[in-house]
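Presented below, as C-alpha cells, is a lone chain in the form predicted alone.
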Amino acid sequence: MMKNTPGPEITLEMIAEHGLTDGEYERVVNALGRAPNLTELGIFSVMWSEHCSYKSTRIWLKTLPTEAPWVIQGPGENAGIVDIGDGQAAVFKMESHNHPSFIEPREGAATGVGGIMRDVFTMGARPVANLNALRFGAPDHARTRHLVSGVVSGIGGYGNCVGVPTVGGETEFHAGYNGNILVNAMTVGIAPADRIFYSAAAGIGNPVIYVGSKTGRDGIHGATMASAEFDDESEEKRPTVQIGDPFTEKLLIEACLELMATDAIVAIQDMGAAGLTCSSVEMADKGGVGIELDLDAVPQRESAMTAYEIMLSESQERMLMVLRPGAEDMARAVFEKWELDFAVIGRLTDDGRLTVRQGDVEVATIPVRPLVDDAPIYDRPWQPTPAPAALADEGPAVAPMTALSTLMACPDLASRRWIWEQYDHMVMADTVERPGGDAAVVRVHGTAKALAMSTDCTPRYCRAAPEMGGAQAVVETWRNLVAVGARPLAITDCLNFGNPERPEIMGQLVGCIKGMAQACEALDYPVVSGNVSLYNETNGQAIPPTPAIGGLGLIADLDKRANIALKRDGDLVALVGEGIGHLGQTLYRRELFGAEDGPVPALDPAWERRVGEAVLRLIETGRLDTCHDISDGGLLVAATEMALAGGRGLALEAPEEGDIAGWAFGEDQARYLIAAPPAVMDGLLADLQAADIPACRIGQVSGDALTLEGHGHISLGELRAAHEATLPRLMGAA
C-alpha cells in the first residue's frame, strides 16, 4: 500500500520563494482540489515559470507567421524543421542562457551550448553548426572582461570538445547590459526528412526511460531563476547554475542517433529547463496520457536526494524516452556500449496524471493538463514606446577618414577574431565560409548544396522604435543570407527583454513582435522555433530590448555563392539600393558624439524583398561572387570590411554634393555593395535597372588603401591594425 506523506506546511513565504503569486497559488489549490505538498509546489513553480510557460508572451507569439510549404515543424517542439530537398531536413533553434552566464559565465555559456544541441539531436538530427548572439556591458565596466573571457571560454570549450563547429554569431557591447549580459545559443542540424522524432508520449503501459548522466543537485530552480530579475545578491544564485560535460554530450549524441536508426523510440525529450519535471509532463501532455515515475530508479550521483531535488534538478546531458514494449534490452545495450546510464524509471498510464513515487511514498500526484494547458496566461498592460524626436542637427563636421578609423576600432565593429579563433569552426570539414562574413556557410555533407546561417539584432533601433526594430532584426538576417547567395527559409528567435509586468517593457515586447510578424509575412520567412527570456534586469534597470534572430537559408549550388571579400584588382564596386543618408540611432553618432538619439531608419519589408531577390538572382546565375549588405556603420564601413577581407585596396567616388557624413555612415536599409569585373558589372547593372532596382557604380578595386575621392585615404595596414587591436587590448588583463 502506497502512502502519501504531506511534508512541511506550505507558507506564504514558501509560495513567494517559488515565484508564484497569491492568485497563481490559488489556481494550484483549485487544480489539485487541496493544498500542494512541497514537491508539488516545486513542480507547479517551474512549470508555471515564465521560462517554461510563456505566460506573458503566449498571446503575442501566436501572432507570428509559422507556416510555409517547406516548414515540416513549427513552434511547439524541441526545435523547428524545414525541408531542404533530397529527402533531407534542417533542424534548428536558438535559446537563451542569460542569467546563468551572468552568475557563472563559463559554465552558464557552456551548458547553454549543450542544451541547444540536445534540442536539435532530440529531433533525430546530427548537429552540424553552432552560432551565438552575445551582448556584454560597456568595455570599461568592472565585470566585462571577466564575463567575456568566461563566456567565450565556455562556448569554445563545450563546442570544441563535442566536435561541432562554431561558425558564426555576433558580439556587442553596451552599458545597458552591465547588469545582465545576454548569451543566446543556436544550433543547426541535419536529419532525414522521414526520420523525425517527436516528444508526444504514446502507448499506455509503455516504459519511460532515463538515459545520459546521473542526476545531481546542480541547477535546481534554474527555470525559476531565469524568470526573475537580479538584485545585489544575485551572486548567491550560483548553485542554480548547471555544470556541463561535453564529452558525455558527445557520447549521448552518438547513442541517441544509433538508437534512432531502429524502431525502438516512441517519443523522446531533452531534460532541459525544469529537468525531469518538464520533460515528463510535456511528453505526457502532448500525448494526452498520464505518466508514473519511480524516483528510486533515477540514476543519482549524490546521496539522500529528496523527491523535490530529483524532480527539479537541471543536471546536464540527460534525456527522457518512451520506448515500444520489448525494446528495453536492445536500447540498454546501445547506451551501455557508449558508457551512459540507462534506467527504466516509469510507465505511461491512462489516468492523465503525473504520479511520482519515492520508496513507498507517493510524493506527488497532479493532473497533467493544469501543469501545461491551464498555466496562467496574462494579457499584460502595455504602453507604446514614444516616437523619438527628430535630430536637431547631425553634429559637428568630422573628416570622413577620421570617423572611419574611429568606427572600425569601436567595440561593436572591431574584428571578432580574438573570439572566433577560440572556437573550432572547421571541425567536421564542411565549413565553407568561416566567421567574419555576412553569414556562415556549411556544406550539406556529401552534396553540392549548403546551409547559410546568421544571427542578428540592432537593439538601439528596438529601444527607439520597437516595431521598426523588430522588423529590422528579421530583415537583417534575411539580407545576410541573400548576400551569400542563399534562399532564406525560416527563422528562430530569442526574445530578450526586461520585466513584462512594467507596461513600458511590455510595450517594447509587443512592438518588436508586431514588427517581426510584419517582416516575416512580407518576406515569406516564417518563425519555426524560439525562446523568450524575460526579467533581464537588475535593481529595476532593464536591458535594451533585444529580439535576437537566427536565420537559415539554402544554397542549392555551392559553385554559385558570394562573400564579402574583394577578389580582383580592377573590379568595379556598385551600390545597390538607395538612401537619404539617415543618421538617427547610428553607430556614427554614438561613437563620434556619444549620442543615441533620433528616429530609426525607415524600413519597407516588401521593398527589401524586391531588392534582395534581385541581388540573389545575380548570385544564383553565377555572375556575382562578391556582395556585402550595408548595415551597422553604413556604406564606408561596409566597403572597408570588403577591402580588409580581400586584402585589396578600394578607391571610392564621393558624391559631388550633399551630406558626406550621411552618404558615408548613414544606416539606410535595403542596400548592398557588389563587386565584379567591368564587363560583368555592365550586365549586372542592366539587369538591376530592368528590375527597377536603383544601382550605380561608386568605385574600383585597386592599390593597398581605402581612398575616398576628395577626402584622403588610409592604408589597409593602418585600418587592419586598428580593427584587429580592440578586442585583444580589451581582454589583455582577462
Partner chain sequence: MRAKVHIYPKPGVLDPQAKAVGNALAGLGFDGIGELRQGKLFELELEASDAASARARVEDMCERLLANTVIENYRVEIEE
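Numbering follows the first chain given and starts at 1. Just so it is clear, the structure is predicted and the values come from calculations on it, not from any experiment.
Beyond the structure shown, there is the form predicted in complex with the partner chain, which is absent from this document and is the topic of what follows.
Think of it this way: in the predicted bound form, the partner chain has a heavy atom of just one of D632, E282, D625, D245 within 4.5 Å, and the residue is D245. Out of the listed residues E596, E170, D218, E537, D218 is the one that sits within 4.5 Å of the partner chain in the predicted bound form by at least one heavy atom. With a 4.5 Å cutoff on heavy atoms, E95 does not count as touching the partner chain in the predicted bound form; it lies far away. Under a 4.5 angstroms non-hydrogen atom cutoff, the partner chain in the predicted bound form has R301 among its neighbouring residues. The closest heavy atom approach of A267 to the partner chain in the predicted bound form falls outside 4.5 Å. The shortest heavy atom separation between A638 and the partner chain in the predicted bound form exceeds 4.5 Å.
The candidate stretches are 283 to 291, 102 to 110, 529 to 537, 513 to 521, and the one lying within 4.5 Å of the partner chain in the predicted bound form by heavy atoms is 102 to 110.
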